[in-house]
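Just the one chain here, laid out as structure tokens, in the form predicted alone.
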Amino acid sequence: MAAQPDAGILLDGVSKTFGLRGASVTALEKISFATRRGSFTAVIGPSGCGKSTMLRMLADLEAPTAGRLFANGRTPSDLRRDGKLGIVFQEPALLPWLTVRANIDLALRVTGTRPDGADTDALIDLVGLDGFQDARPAELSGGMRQRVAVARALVTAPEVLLLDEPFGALDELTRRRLNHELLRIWAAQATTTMLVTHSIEEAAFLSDTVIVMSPRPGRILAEVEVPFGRPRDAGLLREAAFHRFADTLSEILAAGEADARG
């Protein structure tokens, strides 16, 4: 599988095996797929299927046992070295003694880049935190703290944004609101994005393509193109076509789990 000029995220025969108490556990087995540069891809599957392992390899936090990974035509290590990878995890991991602005700017300082106050202010406004620049994490709601984490991931102008259940710990209402905000932010940034999520609805609403994974060892059951145009708004969630599409994804997942049980 060769990278194309418009290639986004590309995995070529990727497998990952971990050693556990003297035994080997295969988390991922021969994963291959390619996305378009600037597209939004969601990965869903049962717990333990290797979704987060895949994302951690793209983030250069794990190495594959076999195969190759690229994002926007570059290796994860090259992107990380140049500060062009943005990562948001389920926990925002903000430093409690720093303000919103300082937590965001920290990503720049780590790469040796001097923060630009105007750029940071524009980003704070983009994620809907105008007026909270000087607040500390303890003064923010859970959803607001995740907005800070998203801003911190974007402040280095990443080529690739990786999201590992970023809203999974939030209540459903806040999660839906932040999904709408994430779409708005993604549209403004045009960043190649991958989201790992347990939420079928979230995957269907946000992404261009949904990768459906099997139980461990994780394999690709299906790559499903999302049939809804952009821009999208909350009205889509009430449409019968949206619920039919979500049901299709659920059926693929259920069939994969049934096959795994034999």
Partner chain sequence: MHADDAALPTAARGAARFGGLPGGAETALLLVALVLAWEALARMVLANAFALAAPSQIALQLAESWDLYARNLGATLWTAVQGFVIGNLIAILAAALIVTIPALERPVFSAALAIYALPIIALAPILMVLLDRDAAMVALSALAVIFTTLVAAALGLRSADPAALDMVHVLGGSTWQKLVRVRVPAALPSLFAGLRIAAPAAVLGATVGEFMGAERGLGVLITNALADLETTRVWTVAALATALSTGGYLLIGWVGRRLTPWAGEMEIVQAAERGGGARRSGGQGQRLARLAGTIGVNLLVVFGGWALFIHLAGLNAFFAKGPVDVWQFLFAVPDAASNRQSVFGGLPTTIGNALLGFLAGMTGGVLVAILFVLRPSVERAAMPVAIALRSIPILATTPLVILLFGRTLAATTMIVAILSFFPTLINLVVAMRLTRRSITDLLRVLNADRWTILWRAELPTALPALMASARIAVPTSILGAVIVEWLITGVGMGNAILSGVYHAEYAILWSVAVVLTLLSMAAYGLISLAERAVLRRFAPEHLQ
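Residue numbers count along the first chain shown, from 1. Treat the numbers as computed from the prediction; the structure is a model and nothing was measured.
Just so you know, the form predicted in complex with its partner chain exists too; it's not on screen, but the next bit is about it.
Relative to its partner chain in the model of the complex, residues L61, P96 and R152 are all within 4.5 Å by at least one heavy atom. When its partner chain is considered in the model of the complex, V110 lines it closely, a heavy atom lying within 4.5 Å. Within this chain, R176 is remote from the site of its partner chain in the model of the complex, having no heavy atom within 4.5 Å. Under a 4.5 angstroms non-hydrogen atom cutoff, its partner chain in the model of the complex has I87 among its neighbouring residues. Not displayed here, its partner chain is kept clear of R36 by more than 4.5 Å at the level of heavy atoms in the model of the complex. Only one of 28-36, 53-61, 201-209, 229-237 places residue heavy atoms within 4.5 angstroms of its partner chain in the model of the complex, namely 53-61.
Among R145, R80, R184, R74, the residue placing a heavy atom within 4.5 Å of its partner chain in the model of the complex is R80. Here is the short version: of L106, L170, L140, L126, the single residue with a heavy atom within 4.5 Å of its partner chain in the model of the complex is L106.
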